[in-house]
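So this first bit is one chain, no partners, the form predicted on its own, shown in structure tokens.
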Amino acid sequence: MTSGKVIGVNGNLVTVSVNDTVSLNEVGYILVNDKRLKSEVIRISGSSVEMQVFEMTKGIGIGDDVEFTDELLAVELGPGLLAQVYDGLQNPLPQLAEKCGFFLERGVYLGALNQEKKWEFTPSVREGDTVRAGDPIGSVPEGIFEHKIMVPFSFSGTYTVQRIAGKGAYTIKDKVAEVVDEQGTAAELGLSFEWPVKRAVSCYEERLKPVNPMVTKVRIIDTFLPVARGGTYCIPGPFGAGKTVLQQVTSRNAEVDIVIIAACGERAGEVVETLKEFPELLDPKTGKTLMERTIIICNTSSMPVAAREASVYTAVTLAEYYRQMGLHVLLLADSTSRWAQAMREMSGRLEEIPGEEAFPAYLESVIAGFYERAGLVRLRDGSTGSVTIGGTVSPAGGNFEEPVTQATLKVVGAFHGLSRERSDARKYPAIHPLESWSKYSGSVDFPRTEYARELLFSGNEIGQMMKVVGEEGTSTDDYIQFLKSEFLDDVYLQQNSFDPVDSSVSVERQRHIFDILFDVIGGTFNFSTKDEARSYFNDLRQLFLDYNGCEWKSSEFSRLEEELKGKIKAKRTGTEPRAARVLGNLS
């Protein structure tokens, strides 16, 4: 086994002189007193290597021993991952707290999975069957899912099943199968195995283009700025603009099987809020807590910077693992800016040539590599699984022109930019409808949503003009156009995340509401004065907000709908020409 000696320490970067060969991303342990500090090789220069340390480096001195493991930084994959809270190195934090108390000790590493718990294994192959990496050999129940026990992803070629255990209870340490490769080499399989976090899982048959929307039940997203299942999106925004609430609403209501939260360097207060809120959030799918189908990777900004990078890759590897079972996974990374700042810090210590704002020159390729691990795939059994990645970005001062935001925008399929102006005006979700965009297809037909977006643009222009010339300097037609855009914003784009009905709106209801809404924004109205127009739209707005808060298809819902239609019909004189063309094309 390769060993070495510490010859330099620069913060979390330690230089080691080695006596044999090592590999990039290999794990090593620096021995300090009675502690073993986990580290990863990030650069090799002849007989010396640079290692990033995942712990505080206080006490490391020149001449300290280093042991290399000949293994890459990896995670343990198997049943028991759901409902867990891990750190970036996949240490279960509740068990770590039991062992160490409130202040976690460095150099303490625990197994990611329960070694003693027995799982009810049901085989799905027989002796003599042929399998490959990623193929299931059986399953165990894990919560509401059938957790597939698979051939380890590291196996290459085809294998013949020599022995398979019968149905029964086994721990993850027990061997449930024996397979033989084409050269006659035998290997025993258990319920779990390890996989390097920086190597994408590719044991599927085909990678498909994400087409179907991932329904979030947030109107502005599903209708105007959709996210495809298996796609990517980012949520940049200033502090306090509502990223955390939007993340929780999406986690609870998104039509996915599993949610993985990667808190990669957020402030401790926000991470604690996530840890406290998620076990209490009710899952609309099961009626139980959302935590039962959630994994949280917890890494605060006060932890060593190297651990932020590990947390991102740990999370996406777990997501790919469950995708291989034919499940749909949503990965929320909060916030990738902290991860990028950690890369900048390590790059500076490596004395690399800096890029824009001192971020490493390879920032774009690293961010792209992370988002490329999302995707919709078809497995060998014909089923499909997906990983959808949503990353929040926290640009300093809310400046979307900074390098992390720009690098992210080049690779994602949807951009949900949060606005300080809208959050200050208490317009939530604070996604700016004019600056944001999506390349995916939504739940409501595109021509009508495009018509509505154009109305928002024209209404904004009229609003800006009115700040200069005043309401009296605006024509009645322009003023009505402005009132329509404000009405659309108030009753459709804004949504009350704390209202039991309005917080999650099904696609069926969104389409139904949008039909009524289109009668307003696409209609022509005859008002004698601006005061009359303002009064009419204010009354209509309040009626529509009451309508939004009613249970779907309840008697009150039907009553308010009839009242709404009657009020619209009373003043509507026809259809705007462009709206008529849109409706004509749709029919």
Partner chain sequence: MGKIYSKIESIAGNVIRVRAEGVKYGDLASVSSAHGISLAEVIRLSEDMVSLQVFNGGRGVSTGDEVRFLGHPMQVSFSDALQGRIFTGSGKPRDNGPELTENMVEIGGPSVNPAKRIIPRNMIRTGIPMIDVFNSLVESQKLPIFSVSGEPYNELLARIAMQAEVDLIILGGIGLKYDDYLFFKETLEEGGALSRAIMFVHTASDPIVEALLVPDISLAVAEGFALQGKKVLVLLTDMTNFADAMKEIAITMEQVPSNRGYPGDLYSQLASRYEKAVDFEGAGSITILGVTTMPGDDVTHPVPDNTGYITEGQYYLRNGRIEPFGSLSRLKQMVNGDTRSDHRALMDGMIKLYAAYKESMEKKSMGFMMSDWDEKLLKYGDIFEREMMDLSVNYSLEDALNKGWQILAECFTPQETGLRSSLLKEFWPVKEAVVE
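Note that the rigid core is defined as the largest set of C-alphas that superpose within 1.5 Å between two forms. Residue numbers count along the first chain shown, from 1. Computed from a prediction, not measured in an experiment: that's the story for all the values here.
As for the form predicted in complex with its partner chain, it is not shown, yet the points below apply to it.
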Looking at 34 to 42, 65 to 73, 516 to 524, 52 to 60, which one sits within 4.5 Å of its partner chain in the model of the complex if you count heavy atoms only? 52 to 60
Taking its partner chain as it sits in the model of the complex, is Gly11 near enough to touch it, meaning that at least one heavy atom pair lies within 4.5 angstroms? yes
Ser394, heavy atom within 4.5 angstroms of its partner chain in the model of the complex: yes
Would Arg293 show up as a contact with its partner chain in the model of the complex if we use heavy atoms at 4.5 Å? no
Test of understanding: in the model of the complex, would Arg126 fall inside 4.5 Å of its partner chain by heavy atoms? no
Note: exactly one of Glu277, Asp445, Glu188, Glu461 sits with a heavy atom within 4.5 Å of its partner chain in the model of the complex, namely Glu277
Would you kindly say which of Lys410, Lys209, Arg426, Lys167 lies with a heavy atom within 4.5 Å of its partner chain in the model of the complex? Arg426
Heavy atom distance at most 4.5 Å to its partner chain in the model of the complex, all of Gly265, Ala358 and Lys467: yes
Check each residue of 228 to 256 against its partner chain in the model of the complex and list those with a heavy atom within 4.5 Å, in sequence order. Gly237, Pro238, Phe239, Gly240, Lys243
If I superpose the two forms on their rigid core, does the C-alpha of Asp65 end up displaced by 2 Å or more between the shown form and the other one? no
Glu563: CA shift of at least 2 Å between the shown form and the other one after core fit? yes
Honestly, after the rigid core fit, is Asp34 moving at least 2 Å at Cα between the shown form and the other one? no
